[in-house]
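Below you'll find only one chain, the form predicted alone, shown as structure tokens.
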Amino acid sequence: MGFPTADKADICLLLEGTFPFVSGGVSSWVNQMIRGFPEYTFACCFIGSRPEDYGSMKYELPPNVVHLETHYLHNFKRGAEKRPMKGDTSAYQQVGKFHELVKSGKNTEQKVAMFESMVGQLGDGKALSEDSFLRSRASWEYISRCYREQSRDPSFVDYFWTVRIMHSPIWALNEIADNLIPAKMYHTISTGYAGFLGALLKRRTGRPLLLSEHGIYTKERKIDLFQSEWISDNRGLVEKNNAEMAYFREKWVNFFSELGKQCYLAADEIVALYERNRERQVTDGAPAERTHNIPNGVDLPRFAAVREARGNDVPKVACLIGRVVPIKDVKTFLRSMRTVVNEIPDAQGWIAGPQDEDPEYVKECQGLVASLGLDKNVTFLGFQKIDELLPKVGVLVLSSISEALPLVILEGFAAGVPTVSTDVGSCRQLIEGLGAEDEALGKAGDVVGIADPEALGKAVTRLLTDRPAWDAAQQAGIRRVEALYTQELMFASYRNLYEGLMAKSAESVAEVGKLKGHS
């Protein structure tokens, strides 16, 4: 079956590696949002790495999704015509000046003007076209000069290909922006490539851009990049300084930071899930006056029914719901289960989540289960329907090294399941409360340090063996989610933003002459 197509939509969602092809908290939120606003039509623009990295759709499209298109940034079957060309030296001098402004760390009007000028030259036949970047002498001379003047890495070959691979998605995004159906406003769910596309669309069409950032994209990319083995570090052992980041790793981090800044500067409104992340956005370049906090919210009636399905006993089951990937630190959860099983021999540890993103890590986790002697206690369930899973769970566990405001904790609370989590993102706020009034609702579980399996295991054991403590935690979670984290509160906040931006979009119709190629 083909994807739905339309010639226009009210809201165009810019989705990088998420709904509808990847399951998880962000995708669930997108699905919830679309269904929560049936009065609007949505277009979904999915951006992925390569087609083979994704399977079929993990979500049924809501009826108000009138358009879906997919794009893959690392599909190298596309590309420019192979022909040598002279190129425009002055255009690359402008690129050089822009990079100098980027290094200064200042968001000046000159930098904004230069960015707008440069993105206007990305199209075919223009001074900074993909063809020019890949084939022209001017581009070659610019890259060679940058290597001589700036690179700390001894390999020109690695430098050359890193620059080319790093910048290649920019032209793919430019092509998407050229051909995307018109919308009254754009809503990107991250900075990164989707956010940069949003910045291109805002500059090009004048239509409003809303950014909702669940995690902080640049922070998560830094974690990925530090763990990456595909980035070379060509320094000799005696040349390495542990305090200094490998040159190419630093280059990638700076690249994603700049993509994020361009999205922050272009966005009309910027949403974080909680205050610490809002402050981080401002530190990273977001104009403070455009930022807001809107926490996730859950469908209480739905999860009240899930709670009703629970029996009277507390299942001796600790469950990690999430993708089996390093950022979830599944290995710490597995090691914590050794501590749990030492006290509760029949306890079960479940991992409920997709296993197709990092097969090597999955294999390592499965090997760890065997080496810990937990074959009879630990089960990898794969993707599960959360409504059917939660009534069988005693304690939810998050062992992550990075989170924002995990929807799964709120869903667990609403379904009557306490949580033990690492102290990441807003997890402490969700479990213990923030401020006197919130804290008075009680503790809905426990919080432990990152990568501390013994503390995690002891906290899980305490809850599973102390019924009064478990009952108190369950009630605290229910009270907190009902008071502060309902989807009605979330929808009301977003309705204000959508209505305000739609009105702003209507005003921009008067300047429709500025739109290029769309009507």
Partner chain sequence: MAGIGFELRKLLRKDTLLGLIRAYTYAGVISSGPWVLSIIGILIIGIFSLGTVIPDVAVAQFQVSVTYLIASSLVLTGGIQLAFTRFCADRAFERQEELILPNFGGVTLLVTAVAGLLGLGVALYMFHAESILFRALLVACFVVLCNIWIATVFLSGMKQYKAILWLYALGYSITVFAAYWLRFLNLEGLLLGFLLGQVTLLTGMLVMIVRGYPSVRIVSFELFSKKYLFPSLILVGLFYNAGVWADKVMFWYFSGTGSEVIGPLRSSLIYDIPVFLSYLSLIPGMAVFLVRMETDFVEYYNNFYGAVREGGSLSYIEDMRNQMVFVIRQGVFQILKIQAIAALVIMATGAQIFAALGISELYLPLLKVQLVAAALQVVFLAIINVFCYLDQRRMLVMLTGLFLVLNIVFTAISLTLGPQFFGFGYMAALGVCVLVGLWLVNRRMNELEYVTFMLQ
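Residue numbers count along the first chain shown, from 1. Treat the numbers as computed from the prediction; the structure is a model and nothing was measured.
As for the form predicted together with its partner chain, it is not shown, yet the points below apply to it.
- A heavy atom within 4.5 Å of its partner chain in the predicted complex is found for exactly one of 212, 426, 205, 136: 136.
- Of the residues 98, 361, 247, 147, just one reaches its partner chain in the predicted complex with a heavy atom at 4.5 Å or closer; this is 147.
- Looking at residue 255, you'd find every heavy atom of it more than 4.5 angstroms from its partner chain in the predicted complex.
- Proximity of residue 385 to its partner chain in the predicted complex falls outside the 4.5 Å heavy atom cutoff.
- By the criterion of a heavy atom within 4.5 Å, residue 367 is excluded from the residues contacting its partner chain in the predicted complex.
- Although the partner is absent here, residue 154 is a contact residue: one of its heavy atoms lies within 4.5 angstroms of its partner chain in the predicted complex.
- Listed stretches are 157 to 165, 406 to 414, 347 to 355, 188 to 196; the contact stretch with its partner chain in the predicted complex is 157 to 165, by a heavy atom cutoff of 4.5 Å.
- Along 339 to 360, a non-hydrogen atom within 4.5 Å of its partner chain in the predicted complex is carried by no residue at all.
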